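Heads up, what comes next is one protein chain in two forms, each shown on its own as structure tokens, labelled structure 1 and structure 2.
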Structure 1
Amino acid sequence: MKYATVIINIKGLGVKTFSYNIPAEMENVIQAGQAVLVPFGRRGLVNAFVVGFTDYVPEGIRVKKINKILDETPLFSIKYLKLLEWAANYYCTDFVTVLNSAIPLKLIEKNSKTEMSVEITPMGEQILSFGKTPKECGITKRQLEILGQLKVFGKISLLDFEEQSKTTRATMKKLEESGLVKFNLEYIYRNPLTIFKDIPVEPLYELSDVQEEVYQGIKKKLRSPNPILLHGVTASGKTEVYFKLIKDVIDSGKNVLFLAPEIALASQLTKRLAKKFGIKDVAIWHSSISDGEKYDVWQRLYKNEIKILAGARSAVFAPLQNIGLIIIDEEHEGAYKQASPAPRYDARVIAKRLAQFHQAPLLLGSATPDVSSYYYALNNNNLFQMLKRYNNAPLAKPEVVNMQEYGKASYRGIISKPLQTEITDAVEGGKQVILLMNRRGYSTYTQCKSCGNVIECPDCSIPMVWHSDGKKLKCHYCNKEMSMPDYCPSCGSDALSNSGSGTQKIETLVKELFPKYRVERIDSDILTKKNAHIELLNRFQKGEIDILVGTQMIAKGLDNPNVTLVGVISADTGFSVPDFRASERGFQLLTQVAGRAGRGEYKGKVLFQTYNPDYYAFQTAKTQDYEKFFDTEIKARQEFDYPPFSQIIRIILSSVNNFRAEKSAMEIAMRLNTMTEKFGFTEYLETLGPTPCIIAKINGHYRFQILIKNKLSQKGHDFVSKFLNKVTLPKDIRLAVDVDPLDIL
């Protein structure tokens, strides 16, 4: 083929490809997936990727020459590009946006790291073994000594050796010229896992009867084209079942992709994998490994040198070859979805497609599955359950404290008598307590008692939150801070007061009530200090903290057998959010946090304080009855045509000018409606809005949304995707498209 087709890495160019001449000297080396340098108009030389070859270019086009192949190892295959194309269509965005997110583009600038090593040659060995004098060999005494040292080291990095034996490059060069030592240029892979290299590899556990049954059942389903769901309560032993399946898959010569929702969990998981499978076959991928490490892992994946890749969301785009199984643990977690910027992809959706590409199964696991995942698994007969803990430790049964009854007599209206009694019992017995308050800050809003005005962020339409630590009002959306005004900005009265409660207030109250005990707080405000929360969690784990107050950050992962009490201060928070997924999120949070109690030999207690004790999500979280929760929830979803009964595509138009944002939202909605009718898609597509978003302003931008409910029609979806790709807008209007949004606030 005469020409190479390349895509150019400049944002905004869309899926456009360009053709370039292949210079004769490149003919035998050029391959699809390679990064190249090409001349591009006035921009001069730019980076590009080869995506294919052709004999034909349209007439009248002056074709330029590829300047240089940046790296001979291709960075991806044609099949891989197809996956990205699919994702671009699914998320109603352009190919280059997906490419930019999937492939760390810094990869192109990075190169393999090489290092010079040195070893002794047979001739050098001979000299040593015959015990010759330096004079006889024509080298100095010092040089002979160095040769002796090198023999002890074996093959070693040249730099390291020079340092160890306090010699110079000149001396080493002389020895090389005499043929006594040999230099080799070697590729060095940077592998973040080398820190685990001294961990001895352990055999897999023998499975319990319940695990064995599930394992066998899943094995039979491995050819299923639909996702398989393992619904297993926390500590039921899901991970050990995954390990058995992984072993089978890698023994059959295929590879495994294993996703965890957060970097910290992915790292924990990788350590566990390295322990069972050795570090040579395992690699980790997430947004925080260095560019050099990414480059090396990418190359090793491409060369099929990695059998198990563990990682967070972005690992779904790593080019793992020959996939035999994809596992997504804690599949209900919102962190699998990239909220912003575009592409607003969900790793679970991409993984499902990837699995189809490789004809490999996709296994989802969770203690509180996503309602849609559960619905599909149930309908496809692909659901497996482990509803008891591995060690049979009983799950704590939460009790509801009705605050309508106990609220008045509670400490400052917040900590009820029953909760106080339980805390006292726990800490006096030497046990530890977790208190969940899923709102940070001290109060929730500041209001004028005279005119009712609530102080809002000047740039976002939400109340500012008082933070007692920095003595500032903070906006939780744009992080703007200001000091508390002396007078109401609206009426000038000085009757401003803080209402509602956040973690800081709970921390203060608990310290007042339990002055003799050690109380600490964990929420994202402490994240400004690096590793601060890991340090606190470690101290809690070691028993150096008696009562830990925190947001949802404490609901996950904590496995402390000494925790006997979990108290949820305001179980209503979250459920009252005006969003169709609010009950699901609330249920998941309560169930997960309840799972932190009584994990060891001591019986656990869980208390939910609420003003709405009859709400079904409490009733079911109380009995930890997922199925009952699901039955109620799925009916509501069906009634209002929410997922899984429809697909939601959310379009947000925003601008610093309120009027212009609304106007362009109306224009787009109108055009969309006209086109939907014209092409006969009204049966599949329902357009709602535009309406101002519930959070009507963020960061000074007014926001309007259009919701499209697609009745699960592929044609309908493709139509919307094409429509949105063609929308052009004035410069001051921003468009954000979110397919399957996590919320619609």
Structure 2
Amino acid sequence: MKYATVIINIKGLGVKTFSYNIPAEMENVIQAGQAVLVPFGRRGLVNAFVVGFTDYVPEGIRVKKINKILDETPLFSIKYLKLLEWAANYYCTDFVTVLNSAIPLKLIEKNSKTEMSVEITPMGEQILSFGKTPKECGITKRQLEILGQLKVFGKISLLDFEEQSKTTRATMKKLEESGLVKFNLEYIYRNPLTIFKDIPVEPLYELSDVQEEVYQGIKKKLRSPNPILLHGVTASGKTEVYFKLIKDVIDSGKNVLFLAPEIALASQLTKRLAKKFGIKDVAIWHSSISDGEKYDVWQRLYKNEIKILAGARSAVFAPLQNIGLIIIDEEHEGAYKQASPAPRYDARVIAKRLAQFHQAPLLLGSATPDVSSYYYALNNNNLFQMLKRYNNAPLAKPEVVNMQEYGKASYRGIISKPLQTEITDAVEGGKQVILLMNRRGYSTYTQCKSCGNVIECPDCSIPMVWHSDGKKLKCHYCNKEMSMPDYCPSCGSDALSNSGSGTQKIETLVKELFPKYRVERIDSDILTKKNAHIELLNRFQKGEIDILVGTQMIAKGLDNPNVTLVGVISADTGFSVPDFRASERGFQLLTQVAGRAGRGEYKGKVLFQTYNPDYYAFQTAKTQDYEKFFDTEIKARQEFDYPPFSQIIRIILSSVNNFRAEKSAMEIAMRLNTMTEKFGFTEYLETLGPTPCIIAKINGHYRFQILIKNKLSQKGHDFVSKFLNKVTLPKDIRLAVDVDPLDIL
């Protein structure tokens, strides 16, 4: 073909293609999916992606030449491109925005890494086999020794061989010039799993009767077009069922995508996969691996050299070939949804579409399933359950510490006497403790005792959080930092006091209470160093930490049989958030963290500290009764037409000018209502608002929201999408669309 059709990597152009002439030197190497450099108007040279070829362009069009192929290995297939196009349409965003989220441009900039290797040539081997003296061979004694060493090593890195044989580059160069050794430029695969290289491969465990029954049941459903849900209580052995299914898929010649909600969990999962299947066939993908490692993993995926890809949310866009099974563990987790920036995609939704593309089954797993997932699985007869722990080990039964009774006698009003006693008993007995506080920082707000003013972020309408490690007030939304003021900015009083608690404060108090115990903290503030979370969790697993304080990161995935006590410092956190999913999230968090205790042969204990012990979601979490929680929650959802009985589409309009943001939101809501009335959709597309967002200002922008409850499924989604595509706004107004939002804050 004479011309290549390309998509220009410029936001706003969408999937419109442009034709470029293929220079003669590129004719035999250019392929669909490659990144190229092309001239584009006044912008000069820009990045583009080849999506096809043609012999035809309209008459009179002057076609420019492709300037350069940035990477000879294609980054994606045409099928992959169709997935991205679908995602752009579903999430009401620009195609190039999705493209850049899926394929980071740094992948193009990072060239492959190579190094020089060396090996003995047939001529060199002949000299060794003659058994002649070095003089007879025309080389020195040292050169003959080097040839002998190289024959033993085989092909090896030139640098490594020079170090091992204590020789120099000049000596090796002379041998190469004599034709006795050969230099090769070798491609190096940068494997982030080398930290697991010494782990011996183990056979899969034998399944219990319950696991075997579930495994066989799921196998019969693998051709189902609907997602399959495995609801298994914590420590019921869901992972072993996953592994058996993975082996079946690999043995059939297909590949597996395995998602975990967070980086720490993805790393733990990959370690377990490496133990069972070896690091050669396993790869990992998440935001913390280096660009070079991502580049190499991407290339191996595209070449179909990877059988199992494990990763966090973004791994759903990795170009894994020949998919035979997609597993999403802890499927209820909000971390699968990208809150911002656009595209605000949900890896679970993308995975469902990806499964359809590959005609592969999608298996969801959780001890506390998403209410919508459970509802759909139940109604499609695709629900499998393991409601007892492996080998019938008892679940740790949570006990309630009513802080209305114990609060005053607690240490600093935070750590109750019963929890202190249980911590002492556990650690003195050689066991370990997990303490959950689902807020990071030291104090959650700073208040003036004189006038009551709370110090808020100047750019966001939320309190600044005191962080003791950096001695700074920080905003957890815009990341603004400031020093603690000497005087109240409202009344001038010096009576400022830090209040509320975060993980830093809990860590400090626990160290004060138990100075002899080894205490560490894990939250997003400590994840600045690569693999820091892996190192910390490995130390905890080895018993080098007595008490681990953390946020929700420690509530799932940790499988440490020596943990016998879990304490939830403030079990009420989350339940009071003004959001329709607040009860579900609170129930899930408490149930999940309770599952970290008593996973081995030792009995576990869980303490929930609360000021509101009678709330229904809290009571069902205490008894770990998911079905009872679901029955109550689904009735409330149906009454108010919340998911799964509708799809929520959230439109957020913002501006530095409060009045203009509100005015724009009112205009769009009015136009949307007019359109729904015109098409007779009023009953099925309910528009709520506009109203100020619960967090009314972020990063200096005032925010108003419109909520749409779509009860028309795809038809309603397409209607709203087309409406939004026609919306034009002044330059000072920002519009964000969040399809299937996780919260409405």
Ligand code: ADP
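Definition used throughout: the rigid core is the maximal C-alpha set that superposes within 1.5 Å between two forms. Here, residue number means position along structure 1's sequence, counting from 1. All values reported here derive from a predicted model rather than from experimental measurement.
> Just verifying the output here: the form predicted in complex with the ligand should be either structure 1 or structure 2. Which one is it?
Number 1 is right.
> Rigid core fitted, is the C-alpha displacement of Phe640 between structure 1 and structure 2 2 Å or more?
No; that C-alpha moves by less than 2 Å between structure 1 and structure 2.
> Using a superposition on the rigid core, decide whether the Cα position of Gly492 changes by 2 angstroms or more between structure 1 and structure 2.
Moves: yes, 2 Å or greater.
> Is there a C-alpha shift of 2 Å or more at Ile649 between structure 1 and structure 2 once the rigid core is superposed?
Comparing forms between structure 1 and structure 2, the Ile649 CA shifts below 2 Å.
> Where the rigid core has been superposed, how far does the Cα of Glu512 end up moving between structure 1 and structure 2, given in Å?
Its C-alpha position differs by 8.4 Å.
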